[in-house]
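In the block that follows, a single chain appears as C-alpha cells, in the form predicted alone.
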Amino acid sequence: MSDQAQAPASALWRGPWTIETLARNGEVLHRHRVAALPIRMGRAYDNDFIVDDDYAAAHHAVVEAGEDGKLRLRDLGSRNGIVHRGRRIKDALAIDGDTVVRMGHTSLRIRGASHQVAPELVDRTMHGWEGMLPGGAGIVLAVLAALLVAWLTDASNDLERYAQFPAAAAGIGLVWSGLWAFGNRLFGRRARLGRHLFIYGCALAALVGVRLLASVLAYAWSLEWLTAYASHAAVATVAVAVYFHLATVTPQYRRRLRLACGALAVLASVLILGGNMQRHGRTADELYMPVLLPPELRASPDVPVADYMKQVEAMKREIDEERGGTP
C-alpha cells in the first residue's frame, strides 16, 4: 500500500491550495495559490479567488473542509450554479485533485500541496536542433528535391522551371510549416518553425527519392508493381511526415499518434485502391510502367525476340479463348 493511501485524509488535504483554470482540452491556463480554507470564489474582489467570467456570480462558491477532512465545494446560491460531469450539483460536492467543475464558462480544479504529480517525461526534444539551422536545412532539402524533379522532367530545356520549381517548393514549405508552427504555438506553447521546416524538407526529399528509387528498381528488374502501386509509398511517406509534425506539437502522445497516422495511411490506401477500381477496373495506379531509362540500368537478362514472340502468341491465345474462341 502506498504512503498516500496510508495517510489520513486530513493529511492528504493540507494546504496551501492551488486553483487551476483549465482549457477545454484539460491544459492548465492559469494557477492561483491560496494559503488556507475556506476559499471563496466569484467575480467580486473580496474573494480569495476571482473568477473572471461574466457568467459567474459575485460570490459563487466556497471550498471548505468537510467533517471527514476532505474538501467540499458548495454553491452560494448562484444563478448558473456549479456543474460537474454535465450535471448541476444541488448539495455540497466532495472534490479531490482530479475533480473538474464548471462555474459559468470557467472550468476549475483544486489541488493541495500533497497532490502527487506524474513522473517527468523523457526529454526527446533535441534542443540543439532548433531554430535557424534545421529550418535552413529543410529549405535546402526542399529546393534540391525540386531542382531534381525539374531536371528529370525537363524535355525542352526550359530554364524558367529551374526557378519556378524551387520557388514553389520553398513557398509551399513556408505555408505548410507555418500552419504547423501556429498549431505548435497554440497547443505546445512554442512555434518551433525550424523543426517543422526540417520535417517538410525531409518529407519532400523522401517523396522524390522513393519515387525515383521505385522507378529505377522497376525498370532494372521489371518490377512493374513498384510503379503501379507507387501512390501507396507516397501515402506512407506523408503519414510519417504528419506523425513527426504532430509529435513535435504534442510529444507526450507519440504512441497514440503512431496508431492514428498508421490508421489514416491504411484508410487512404484503401480509398486509392477503391478509386482505381471504380475508374479503371483495376487496383493499380497505371496499366503500364511509364518509366523509360537508359539501357545500362537494365539488370534483368534480355529476352530473345523468338521467346518474346512465343509469349505474345500464348497471350493472344488466352485472350481469344476469353472472347469465345474467335481469333
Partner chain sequence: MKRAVLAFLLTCIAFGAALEATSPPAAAQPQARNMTQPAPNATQGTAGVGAAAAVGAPQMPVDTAPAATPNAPLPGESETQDALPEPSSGAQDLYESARGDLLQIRMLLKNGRTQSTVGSGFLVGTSNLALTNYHVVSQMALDPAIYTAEYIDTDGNTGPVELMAVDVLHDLAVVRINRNGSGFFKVPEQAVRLRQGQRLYSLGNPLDLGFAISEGAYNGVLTRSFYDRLIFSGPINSGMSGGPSVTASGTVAGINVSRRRDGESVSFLVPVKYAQELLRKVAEQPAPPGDFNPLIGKQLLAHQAGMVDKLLEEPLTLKGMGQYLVPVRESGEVRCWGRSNARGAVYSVDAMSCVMQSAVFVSDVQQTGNVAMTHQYIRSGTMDPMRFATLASDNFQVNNLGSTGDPRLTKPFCTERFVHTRSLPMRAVTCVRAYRKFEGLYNFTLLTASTDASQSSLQSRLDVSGVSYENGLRVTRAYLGAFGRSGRR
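Computed from a prediction, not measured in an experiment: that's the story for all the values here. Just so we're on the same page, rigid core means the largest C-alpha set that superposes within 1.5 Å between forms. Positions refer to the first chain, counted from 1.
Note that the form predicted in complex with its partner chain isn't included here; everything after this is about it.
Contact annotation for the candidate site: W176, Y200 and H280 all lie close to its partner chain in the predicted bound form (heavy atom within 4.5 Å). The contact residue chosen from A36, L259, V270, L293 relative to its partner chain in the predicted bound form is L293, the criterion being a non-hydrogen atom within 4.5 angstroms. Within this chain, T250 is remote from the site of its partner chain in the predicted bound form, having no heavy atom within 4.5 Å. Contact annotation: A23 falls outside 4.5 Å of its partner chain in the predicted bound form, judged by heavy atom distances. Although the partner is absent from this view, D98 stays clear of its partner chain in the predicted bound form, with no non-hydrogen atom inside 4.5 angstroms. Among residues of the shown chain, E130 is not one whose heavy atoms approach its partner chain to within 4.5 Å in the predicted bound form.
Of the candidate stretches 144-152, 185-193, 80-88, 106-114, only 144-152 has residues whose heavy atoms lie within 4.5 Å of its partner chain in the predicted bound form. Taking its partner chain as positioned in the predicted bound form, the residues of 135-172 that bring a heavy atom within 4.5 Å of it are, in sequence order, V149, W151, L152, T153, D154, A155, S156, N157, D158, R161, Q164, F165, A168, A169, I172. Shown in the overlay between the shown form and the other one, fitted on the rigid core, is a CA shift at A220 of 2 Å or greater. Comparing the forms between the shown form and the other one, the C-alpha position of E130 differs by less than 2 angstroms, with the core used for superposition. Relative to the superposed core, E160 undergoes a Cα shift of 2 Å or more between the shown form and the other one.
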